[in-house]
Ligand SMILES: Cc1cc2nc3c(=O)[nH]c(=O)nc-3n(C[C@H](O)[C@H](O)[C@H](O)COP(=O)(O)OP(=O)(O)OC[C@H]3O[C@@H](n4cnc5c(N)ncnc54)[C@H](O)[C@@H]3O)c2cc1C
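A lone chain, given as C-alpha cells: the form predicted on its own.
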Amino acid sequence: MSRSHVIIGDGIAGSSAAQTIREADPDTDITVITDEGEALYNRILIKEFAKGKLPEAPISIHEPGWYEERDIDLELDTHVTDVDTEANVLHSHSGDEYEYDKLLVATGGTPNSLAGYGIENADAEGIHHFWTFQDARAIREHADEADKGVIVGAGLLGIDLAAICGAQGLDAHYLMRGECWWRYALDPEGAEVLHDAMREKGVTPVFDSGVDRFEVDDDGHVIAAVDPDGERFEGDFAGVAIGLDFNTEFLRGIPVETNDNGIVTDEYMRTNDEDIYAAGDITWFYDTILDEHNQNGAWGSAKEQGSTAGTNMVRDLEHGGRTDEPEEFRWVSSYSITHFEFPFLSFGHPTEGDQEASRKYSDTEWRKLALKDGRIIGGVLIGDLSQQSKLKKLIREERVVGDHVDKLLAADIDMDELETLAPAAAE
C-alpha cells in the first residue's frame, strides 16, 4: 500500500525529517513544500554572508539534486492555504492538492514589523527584517552603500543586525528598551562585555530607548528614527528584530491545538491530531528536562526535532496508528555567535528558572547560570566557552547542584567532585 508523508517547510527541521523518513522507509512518497524560492540553506551562516565575511557558495546545504537523488518531491514557491484534516489533504495558493498519511508542519515564523504596533513609517524603504537568505542579500547590499544605521530589538536577532553594521563599517545606534542587551538573560555587568565590543566597531548602544516613529525622505526611504523621548538618530539603513509571528494561519479552523507560542506538541513532536506532527521554531513542545512545555528554535534543536518527528511518523504507519514506542525528543540546545570578534554561547533555557548565579572573570569573560529546583536548566557563556560540555552534561543528568553554585562558577569545573556531591536524577 502506498504511503505518503508531506512536510511543510524546508528549513533544517523539515529537511531533517525528510531525510530520516527516507532512510527509514525507502518506498514511501515524500513531498516537501516551501514558500521560499530556494532549497535548504544554512541560516546560521547567512549572518556571516550579510557581514561580508562569506560568499554565497558555502551557504546552500541542499541543491535540488539532493532531493531528486532521494526521490523527494520539492515544491518551491508554494504557499499552503489550508488543511482538510478529515480528508488528509492540503490545498495550495495555486489550487494544487497534496494528500498525506502523515503531515509535518515545520513552517517557522515571520519577523514581526513595528507597523503592527502603530509605529509610523515602520515599513519604509531601507528598513530590514532578517530571517531568510533573501533578507541577507538585501541587507548586505544596502549596508555596504549606506552611511548610518539604526538597529531596534535587543535580542539574538537584533545583535546579528548590529554586527552586520559593525562588520560593514556602518556607524550605527542600537536602540534597546532596557538597561542592557538581552536583558532577560544577562545583567548589565555581563552585557557590558558585549557593549564595549560593539562600541569598538562603531555600534553605539542606547539604553532605555526604542522607536516612536521613523522619518522618511520624499522618496519614502528611511532617514532617521525618533525615540519616545524625542531624540533623533539618523540612519539611511535600519534593522528591526522584535520577534516572530508563527506561521499557523493555514491551520485556523481545524482542530490542531495552537497558542501564541505556535503549535502544541508532546515530547514526541505529535500534535493532538494523530496524523499531524510539528517541529522547529513553531513548536510549543513538552520539554522532558524542564518537565513543562517550552520553545526552542535553535538550529541543533530544530534538526533533532525534525529527526524525532520523522522517526515517529514512519513508526506510526508501520504500527497502523500511533506507535506504542515513540522516540522522545530530549535535547539541550545551544546557540553560539562570534560577533564583534567575540565568542558568545547560550545553552538550554537561560531566561527561565527560580535561581541565578553569575560571575565576571575578566573584562572579556563572564558566565551566568539559570537553575530550577536546584538543577541547571540553562546559561550564557561570554569570552570563555570551554565549560559548555560540562554544564550541558549536568543539565541532561538533572543533577541537583543548587547548593554548589561556587563550584559551578569555578573557572574550571571539577566534574568528579560535583558528581560525588550531587548524584544524577536516575542514581
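The numbering used is simple: start at 1 and walk along the sequence shown. The structure presented is a predicted model; accordingly, all values stated were derived computationally and were not measured.
Just so it is clear, the following notes concern the form predicted together with the ligand, a form of the same protein that is not shown.
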Problem - in the predicted complex, segment of 63-71, 375-383, 30-38, 359-367 with a heavy atom within 4.5 Å of the ligand - result: 30-38
Exercise for the section: Flag residue 178 as yes or no: does it have a non-hydrogen atom within 4.5 angstroms of any non-hydrogen atom of the ligand in the predicted complex? Expected result: no
Handout entry: Partner proximity in the predicted complex: residue 308 to the ligand, non-hydrogen atom cutoff 4.5 Å
Key = no
Problem - Partner proximity in the predicted complex: residue 88 to the ligand, non-hydrogen atom cutoff 4.5 Å - result: no
Practice task
Give a yes/no on whether residue 46 approaches the ligand to within 4.5 Å in the predicted complex, heavy atoms considered.
Solution key: yes
Fill in the blank from the handout: The one option of 205, 166, 190, 108 with any heavy atom within 4.5 Å of the ligand in the predicted complex is 108
Exercise for the section: Work out which of 79, 232, 330, 199 lies within 4.5 Å of the ligand in the predicted complex, going by heavy atoms. Expected result: 79
Handout entry: the ligand in the predicted complex - contacting residues of 278-292, heavy atom within 4.5 Å
Key = 279, 280, 281
